[in-house]
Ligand code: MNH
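Take a look at this single chain in structure tokens; it is the form predicted on its own.
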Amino acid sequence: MADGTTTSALRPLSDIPILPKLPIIGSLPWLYHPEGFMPRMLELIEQHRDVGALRVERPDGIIPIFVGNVSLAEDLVDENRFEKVLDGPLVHIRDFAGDGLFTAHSDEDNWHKANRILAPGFSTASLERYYPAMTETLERLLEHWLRANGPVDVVPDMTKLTLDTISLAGFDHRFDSFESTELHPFLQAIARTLQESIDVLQRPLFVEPLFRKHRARYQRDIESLFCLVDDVIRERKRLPEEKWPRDFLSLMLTVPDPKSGEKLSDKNIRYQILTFLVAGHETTAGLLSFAFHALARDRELFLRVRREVDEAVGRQGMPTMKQVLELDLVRRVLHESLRLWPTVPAVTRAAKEDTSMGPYVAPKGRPFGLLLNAIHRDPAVWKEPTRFDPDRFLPEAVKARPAAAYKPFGIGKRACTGKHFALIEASLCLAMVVREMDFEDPGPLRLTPTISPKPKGFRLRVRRRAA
């Protein structure tokens, strides 16, 4: 084996516990949870912490293996032996994200090419260029919340904020989402296509004919996404190049791959834009929603955050990006939110060659679903894992933990390219809302059963901060 372990010293994967199953529908009855598939998988892993893994039979007969203990994750995150592969919802998200950065196969030329072209766009100097777009869209949110007559609907408003931010910063396109009480049709199409990518996995094959109209709507939604993005690309090309803004779209249209000398095709640029729009708004919206819920339930922590912002930024005006980067407690609140509710709750890894995963054989190409929400709550690493505590991310605590215990942005070379953009955007929003407003306790957290978890029915009473 690649790691020098002999097969005879390892246990077969069939030794991993498997859920009960029925003909045709597999383990579906045992996977139901009112808050979705991932909360159910977290429950199941908690029941099997002694093993840290579980096999589940899908309706199509495929038996994925889900891993939720840090001890096993330490093998799966080893970039020398394991790599990201597409499985589950990502296979279907590829229908509209194609070979964009998130859904490309690791051996596809366009992933390597786009990664080399786009990586400089996320340098600190580049992020400074996008910062005004973050402050502009945040102003719209603050205005919207300060004039609200009743509770604000947090998740849709965070969705509007993050879509407007990434579209303005990345592609100089304005959705003006806060001009309407309804979500933009583009956002509605994204939400439906993302949900279908997980719903289709839970439908037995024999019921598919009953979903023809549903699938037709899915195809229409994809076409509408393509249409909007292709129009954005065409509009940019109509402008004289000297008038192009310095954003991700201009970068993709003009900069050649430093290795091959080739530029990205318009089709691949379409997929990259959709990847940025989908990944750049959906995940950050969830992160902010969870962080606001946690602060609204913990007045002492809320006031600690406010004191930090007041001292670092002052009571008036927008902070500079440098000031935002220095907000240590704000950043730790966000990291703790990502620990408890990672907005990408699982990644799939497969062995490059026959190797081992803990005490088990890991054959070449065999996928393993690494449950980030479960490793982030592994009691072998995290004391009182369900308690919200930003101090878990103080430097000394971080150094003492295994690196595999916290992976909210993915792993290795396939980690999220835009994580620094997202954290600056989220830090700015959290800081300014806490500085300007007071919250009322919204009650216990519930989750909505979507592909990227979010609080369900999270309506928050906000009021202008007392002088």
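A residue's number is simply how far along the shown sequence it sits, counting from 1. Remember, predicted model here, so these are calculated numbers, not experimental data.
Another form exists, predicted together with ligand MNH; not displayed. Remarks below refer to it.
Residue contact check for L428: none of its heavy atoms lie within 4.5 Å of ligand MNH in the predicted complex. Contact annotation: I424 falls outside 4.5 Å of ligand MNH in the predicted complex, judged by heavy atom distances. In the predicted complex, ligand MNH sits within 4.5 Å of a heavy atom belonging to F122.
Not displayed here, ligand MNH is approached by L90 to within 4.5 Å at the level of heavy atoms in the predicted complex.
Among the residues L76, M158, I190, V347, the one placing a heavy atom within 4.5 Å of ligand MNH in the predicted complex is V347. The listed set A279, A291, A97, I269 contains one residue whose heavy atoms approach ligand MNH in the predicted complex to within 4.5 Å, identified as A279. Using a 4.5 Å cut-off to ligand MNH in the predicted complex, not one of N69, H376 and F393 places a heavy atom inside that distance.
The partner is not drawn, yet in the predicted complex one stretch among 260-268, 299-307, 355-363, 280-288 has residues with heavy atoms inside 4.5 Å of ligand MNH: 280-288. Contacts to ligand MNH in the predicted complex (heavy atom within 4.5 Å) from stretch 139-169: I166 only.
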